[in-house]
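As a starting point, one isolated chain is supplied in structure tokens, in the form predicted alone.
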């Protein structure tokens, strides 16, 4: 298992190098001069050239990329924000807790809602309950996040006035953002859980358990769920990892100072160190979470331990 973990951790390095290069190319292709954005359009050419020299923009892109990578791996230096003149991780670590809370609350709500409803839908296959849940899941899975968030704000904040639409002052501020993120994820989890339960429902060991006299509740809880939830765990892990970097629209609409909002603001201002560090941070988190999901398989299904011995 330790060799497997070591290989997975080492594989993060080339993926990050490729990610950094791709983001570098994208930022290089976008219009805008960071020096002019920082100093303003009225700045003198000498001041602009001096700042470009200080920031390293007079060097070719490939050299800047190599300098940046060298700084990360030799000094763990991700640079300073062009705007705040502070180390980029000082900005990221201040705003990341808001994004982390949104992701954790959303994946918990999505799991609590989606997985049980998927089991109910599979057990009552083709019934009115199954049809209603399936239609609702398809609707929620296909609805755009920005539209759902605006509908929730319109109904609960403007019409009813029961929930705040912006800020992070209290737990009530998280209800609408979490609902916006959790409902589509719950719909996807419900559909996947239903499909897996229906597949497990056809297996021989389920028929054997019934033939031995086990009631439906015991068949579901002791035999079906454990085997059906293996792929669902992967989706939950991917949903959580994706939510860490996918809360941008929600943070913008609900005015929440999270990491997504920080990166979007940095892109507008072409604050390259913030964009790069935020991308590296989220990419690393995603890969570590997926590694944890793979390791979790070994505790749920001992048969998967064999892959860790290779």
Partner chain sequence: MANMQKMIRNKRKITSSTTPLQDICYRFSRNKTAMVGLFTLIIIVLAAIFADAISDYDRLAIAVNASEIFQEPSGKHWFGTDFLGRDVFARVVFGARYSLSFGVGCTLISVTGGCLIGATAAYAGGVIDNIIMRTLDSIMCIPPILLTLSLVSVLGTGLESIMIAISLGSIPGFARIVRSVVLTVVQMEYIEAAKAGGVSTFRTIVFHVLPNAIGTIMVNATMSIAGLIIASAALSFIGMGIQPPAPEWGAMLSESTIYMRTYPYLVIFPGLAIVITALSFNLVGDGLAEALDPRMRD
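Positions refer to the first chain, counted from 1. Superpose the two forms; the largest set of C-alphas matching within 1.5 Å is the rigid core. Just so you know, these numbers come straight off a predicted model, no measurement behind them.
The same protein also has a form predicted in complex with the partner chain, omitted here; what follows describes it.
Three-residue candidate spot 53, 89 and 103; no residue lies within 4.5 angstroms of the partner chain in the predicted complex by any non-hydrogen atom.
At the 4.5 Å threshold, heavy atoms of residue 292 stay clear of the partner chain in the predicted complex, well away from it. In the predicted complex, residue 26 approaches the partner chain with a heavy atom inside 4.5 Å. In the predicted complex, the partner chain lies farther than 4.5 Å from every heavy atom of residue 49. Looking at residue 120, you'd find every heavy atom of it more than 4.5 angstroms from the partner chain in the predicted complex. Shown without its partner, this chain lists 141, 113, 233, 175 as candidates; in the predicted complex, only 141 has a non-hydrogen atom within 4.5 angstroms of the partner chain. Out of the listed residues 72, 153, 109, 188, 153 is the one that sits within 4.5 Å of the partner chain in the predicted complex by at least one heavy atom. Shown here without the partner chain, the chain has 15, 18, 19, 22, 23, 26, 27, 29, 30, 31 in 11-36 lying with a heavy atom within 4.5 Å of that partner in the predicted complex. The Cα shift for residue 288 between the shown form and the other one, taken after rigid core superposition, is smaller than 2 angstroms. Taking 2 Å as the criterion, residue 248 does not count as shifted between the shown form and the other one: its C-alpha moves by less than this amount when the rigid core is aligned.
If you fit the rigid core between the shown form and the other one, you'll see the Cα of residue 27 move by 2 angstroms or more.
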